[in-house]
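Consider the single chain below, provided in structure tokens and representing the form predicted alone.
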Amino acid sequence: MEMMQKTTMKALAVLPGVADSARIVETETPSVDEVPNGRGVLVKVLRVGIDGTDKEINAAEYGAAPEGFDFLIIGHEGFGIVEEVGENVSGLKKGDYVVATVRRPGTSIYDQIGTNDMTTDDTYFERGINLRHGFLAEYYVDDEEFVVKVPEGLKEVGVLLEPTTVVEKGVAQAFEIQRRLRVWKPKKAAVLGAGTIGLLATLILRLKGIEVVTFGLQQRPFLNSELVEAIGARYESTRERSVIDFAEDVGGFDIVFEATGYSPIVFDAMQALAKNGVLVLSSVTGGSRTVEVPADRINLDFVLGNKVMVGTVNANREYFEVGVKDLSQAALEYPGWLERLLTHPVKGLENYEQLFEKLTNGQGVIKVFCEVNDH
């Protein structure tokens, strides 16, 4: 029997532990046969968003290569089209648009029931981040379990699904926690930060009919404030009025979704919560910043006011599927809004230096993304 010739593909990779080591590598094109039990899905990558995580991995702050490799293919915000499926794949077919989840199972009980994002293992596996190759490549292959179908009508904005899932998980956790109250109908929310996650949080909360105030540093008008107002939310600059002052003037918030990357504002957010409120933290802050806070008062208000603080990072398949539904609803309710978030495209993996340049120094940046292959 004639052996099929192996082909190679281009990918953007780093040498973990070596700062500014991003480079194009030639590596073997994956095959559906790599996935056991005929469940492989080969995906041609169309777009990949990049964010602070990719920048930090390239700065050698964290990240590890898969076993057997000295490099890590980065990129965890993928979007692509199915090229081939294994014989036992039933829910996907060639030509379907898809997004893959990021976290892969470890050994804990949470991993065994499909909630890989809640693992208690010390070692975790994330595509494009830790011990698993990511999506900034011409192709990838994965088990059908981790590949989520995206409607053709979302093909221009499907690259936003992964960041949307961070929001979906945080908001779902808030509602899940507050089932303890029997009745919890949040009316007012604050979103701290008007970047990609902040704008998506504003969107998801507005789709639930919640009144939203989004806070950012920059004074209006600018693109982000216009996007906030275009979906019926309110934009406030913290240069003009702090979150605490705003809450004192108009009352506390039932939900505060923090997405700034600036940890001291968490303590302002804690003081802006209404009774029975939930503060959702989504920023991963790796610094050593310290602040002085009115600890007794914050503690007292949390205890007496039945307040909750919870973190959200990564997401399992459930939140990807909910994200598809909400992005579909957003496309219908606010036509063209999602497309306006895609501010900085870069064509071709070989232009990867532009990705990091735009992410760091681009004017009016909301989402930087790479056009890996043509649709």
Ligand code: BGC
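One-based numbering along the sequence shown. Here the structure is a predicted model, which is why all the values come from computation and not from measurement.
Quick note: we don't show the form predicted in complex with this ligand, though the next part is all about it.
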Query - Full three-residue contact with this ligand in the predicted complex, heavy atom 4.5 Å, for R47, L154 and C370 - result: no
Report summary line: Within 4.5 Å of this ligand in the predicted complex by heavy atoms, the stretch out of 126 to 134, 107 to 115, 187 to 195, 204 to 212 is 126 to 134
Requested in this report: May I ask you to check whether Y62 falls inside a 4.5 Å heavy atom distance of this ligand in the predicted complex?
Outcome: yes
Query raised in the report: Can any non-hydrogen atom of V313 be found within 4.5 angstroms of this ligand in the predicted complex?
Result: yes
Query - Contact of V98 with this ligand in the predicted complex (heavy atom, 4.5 Å) - result: no
Query raised in the report: Is there a heavy atom of E168 lying 4.5 Å or less from a heavy atom of this ligand in the predicted complex?
Result: no
Report summary line: Contact with this ligand in the predicted complex, heavy atom within 4.5 Å, among L279, L161, V102, V148 goes to V102
Report task. Just give me the residues of 33 to 56, first to last, that have a heavy atom within 4.5 Å of this ligand in the predicted complex. Result -> D51, T53
